[in-house]
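Presented below, as structure tokens, is a lone chain in the form predicted alone.
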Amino acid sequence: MIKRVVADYPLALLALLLTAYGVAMVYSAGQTDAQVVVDMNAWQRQLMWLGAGLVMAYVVSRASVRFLEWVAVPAYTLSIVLLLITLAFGTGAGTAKSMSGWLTIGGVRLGQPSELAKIAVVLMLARLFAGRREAPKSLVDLIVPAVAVLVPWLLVMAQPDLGTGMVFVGIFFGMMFWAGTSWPLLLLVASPAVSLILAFSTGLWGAWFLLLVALVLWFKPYVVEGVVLIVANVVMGVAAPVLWDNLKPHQQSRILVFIDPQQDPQRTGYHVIQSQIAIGSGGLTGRGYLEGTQKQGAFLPAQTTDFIFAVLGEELGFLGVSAALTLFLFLFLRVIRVAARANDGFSSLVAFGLLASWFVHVVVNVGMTLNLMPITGIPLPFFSYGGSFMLSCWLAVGILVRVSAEGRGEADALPIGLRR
């Protein structure tokens, strides 16, 4: 018997407020004076996708958590098949024309399977972690979950879509944390990536390697695991210069521009420079809704999608940006409450995995508009225009409403906490 749904109204209201705020900014972003191609009607289609998302969220909220657990494997398998199809027949769009992330049939773009893959990976990881009797205590315990993430991650990176790839990594680490993995083990898992980044400075890499050896001796993993970790870090350190030499010039430029945008202000540095100008010109209260000059002149790249946060900063200033980030903060706290109230490990992990996905999106998107993160083409949840992304966001809301409805006590009965 399906349990009656008691809607988590604060959760749904926060998502609706963010979406309404986003649609208003998409509308504004389409109003320009420049003779350039800017999608003026994107806000209308965004409303259409919102309607479809609300219907989808309602339908999903009627399904039981046990059904979601059962559907994890079929959804994961379907997402892998769709990602494989996009590699062969996928197309790009907008500023990502070189990608193959959109599933296209007969010239009609049907959507991005990677958005479905994010939720499918969350369900699959929740099922794998919840199936264990205790928290992961060694690298061996993490092999199966790591493979479950690695397969779709490789397919997404082959498109190539670095932004979505980062989201998969964030989901994996977030769910490892919520599953009870200790912080030393989390650090050891992340260590090869740290070695790859720090390899560009011999001194920093050497200091990191000594710290890693000390961490291995303190954590005392199995001998084989310790050897594998040390070798993996050495390989990453040695391979970094080789990988750098094999990057395409525009890929190298993106990294160099992240360090200093003025190195190439007219090409690869153009996006972030225009974004910083827009946000900086907003000041405390902004230039006014619909009055952004950077936006009206269409100087901002992808201003209805990846750089919509810059439009928000220019027109509504620090106060408008703070309002948006505060709504995101309340939403995240609400999802943590849902995860803490969940009846079982699977439900709790699903809630926290969806939170991890949104968190990475917000941090990377806002970070890249401020040049605190490299530009990776990652949208802002509930704000950026995009049908697949809007549907996946509201699909996640529907899942969270269901998890909340089957949780312990009333939705407002428990304080925000990290109980599992």
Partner chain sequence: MSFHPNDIQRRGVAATAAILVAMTALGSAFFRAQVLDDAAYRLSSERNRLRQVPLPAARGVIYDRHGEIIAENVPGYSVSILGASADSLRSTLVALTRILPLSEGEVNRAVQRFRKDPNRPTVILSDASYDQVAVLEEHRVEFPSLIIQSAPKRYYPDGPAVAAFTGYTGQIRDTELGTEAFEGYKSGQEIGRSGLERQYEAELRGREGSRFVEVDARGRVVRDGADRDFDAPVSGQVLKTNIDLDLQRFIANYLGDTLAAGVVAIEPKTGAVLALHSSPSFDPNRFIGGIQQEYWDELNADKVRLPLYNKAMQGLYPPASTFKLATAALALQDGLVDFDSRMPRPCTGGYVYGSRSWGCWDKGGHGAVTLSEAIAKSCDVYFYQLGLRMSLSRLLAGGVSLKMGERSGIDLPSEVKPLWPASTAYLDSTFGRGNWSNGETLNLSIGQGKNSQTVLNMARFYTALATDGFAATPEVVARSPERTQILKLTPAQFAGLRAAMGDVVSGRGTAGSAAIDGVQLAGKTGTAQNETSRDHAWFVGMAPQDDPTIVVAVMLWQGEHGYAAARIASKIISHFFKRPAIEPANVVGN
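Numbering follows the first chain given and starts at 1. Only a predicted model underlies this, so the values are computations on that prediction, with no experimental measurement involved.
FYI, the form predicted together with its partner chain isn't displayed, but the following is about it.
- Only one of the listed residues (298, 149, 212, 234) places a non-hydrogen atom within 4.5 angstroms of its partner chain in the predicted bound form, and that residue is 298.
- Checked against its partner chain in the predicted bound form, the candidates 178, 76, 153, 205 yield a single residue with a heavy atom inside 4.5 Å, and that residue is 178.
- Residues of just one listed stretch (382 to 390, 54 to 62, 40 to 48, 366 to 374) have heavy atoms within 4.5 Å of its partner chain in the predicted bound form: 366 to 374.
- Taking the partner from the other structure, its partner chain in the predicted bound form has no heavy atom within 4.5 Å of any heavy atom of residue 307.
- In the predicted bound form, its partner chain stays beyond 4.5 Å of every heavy atom belonging to residue 192.
- Residue contact check for residue 336: one or more of its heavy atoms lie within 4.5 Å of its partner chain in the predicted bound form.
- In the predicted bound form, its partner chain lies within 4.5 Å of some heavy atom of residue 359.
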